[in-house]
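Just the one chain here, the form predicted on its own, laid out as structure tokens.
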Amino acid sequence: MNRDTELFWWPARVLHWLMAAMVLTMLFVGVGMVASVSARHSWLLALHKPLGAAILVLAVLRLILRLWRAPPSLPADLPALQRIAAQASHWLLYALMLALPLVGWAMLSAGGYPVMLSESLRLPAIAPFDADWFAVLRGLHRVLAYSLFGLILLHAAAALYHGLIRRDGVLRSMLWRRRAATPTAEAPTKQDST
């Protein structure tokens, strides 16, 4: 079954592509923070915290939209194993998009670092100050970040598989389609007018 006629609801599509850009930016910012001890580290850190908070808020909004309005069904001829993998990977993406910023927030709280979203807006601590917990949460934050990056690569590969090989409308359901051109009356040709 082809689902060319079915699209994700437009707010879900907007959030999907906005969050894709934000999450990828966040992952590269995180790598830059780990790799840099220069003056850029402070700038990257100042970007990392509000971007993570924004991803957390948008992930919650996206989850609400997902539960409120079901996405288009998968093609009926999709093998059961691929269907299970698709469902599991989507829910795992949601879990990681929620867990990663929360663990990062808890990690900073446990380390006694302020979570500043701007120069004056500070988030409250969500974990007690504890050096041991800071070390555990820091390791967990890193593992979750690598897991999210790996899952995004699998997600992109699956999208290309559906779009370029199966051509079953799954990828197209998350894109925007051009409206069909409205047929217009053709101008009479030279032969017609003679």
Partner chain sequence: MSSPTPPPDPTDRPLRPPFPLARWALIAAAVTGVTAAFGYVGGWLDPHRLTPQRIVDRLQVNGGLHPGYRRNHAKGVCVIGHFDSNGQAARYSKAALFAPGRTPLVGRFAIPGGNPHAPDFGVPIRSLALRLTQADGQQWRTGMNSMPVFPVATPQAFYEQLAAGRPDPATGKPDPAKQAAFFAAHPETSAFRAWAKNHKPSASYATETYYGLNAFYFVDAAGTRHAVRWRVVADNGPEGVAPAPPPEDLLESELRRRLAQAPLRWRLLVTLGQADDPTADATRIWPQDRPEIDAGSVVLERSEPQAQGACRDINFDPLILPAGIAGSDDPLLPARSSAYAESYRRRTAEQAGGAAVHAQEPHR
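Keep in mind the model is a prediction, meaning the values are calculated, not measured. Positions refer to the first chain, counted from 1.
A second form of this protein, the form predicted together with the partner chain, is not displayed here; the remarks below concern that form.
Asker: With the cut-off set at 4.5 Å between non-hydrogen atoms, does residue 76 touch the partner chain in the predicted complex?
Answerer: Although the partner chain is absent here, residue 76 would touch it in the predicted complex, with heavy atoms inside 4.5 Å.
Asker: Please run the contact check for residue 68 against the partner chain in the predicted complex: heavy atoms, 4.5 angstroms, yes or no?
Answerer: Because no heavy atom of residue 68 falls inside 4.5 Å of the partner chain in the predicted complex, the answer is no.
Asker: Can residue 116 be called a contact residue for the partner chain in the predicted complex at 4.5 Å between heavy atoms?
Answerer: Contact check for residue 116: yes, within 4.5 Å of the partner chain in the predicted complex.
Asker: Quick one: does residue 127 come within 4.5 Å of the partner chain in the predicted complex, counting heavy atoms only?
Answerer: So residue 127 does not count as contacting the partner chain.
Asker: Taking the partner chain in the predicted complex as the reference, which of 53, 34, 151, 60 has a non-hydrogen atom within 4.5 Å?
Answerer: Of 53, 34, 151, 60, the residue with a heavy atom within 4.5 Å of the partner chain in the predicted complex is 34.
Asker: If you apply a 4.5 angstroms heavy atom cut-off, which residues in 115 to 154 are near the partner chain in the predicted complex?
Answerer: If the 4.5 Å heavy-atom criterion is applied to the partner chain in the predicted complex, 115 to 154 yields 116, 119, 120, 122, 129, 131, 132, 134, 135, 138, 146, 149, 153.
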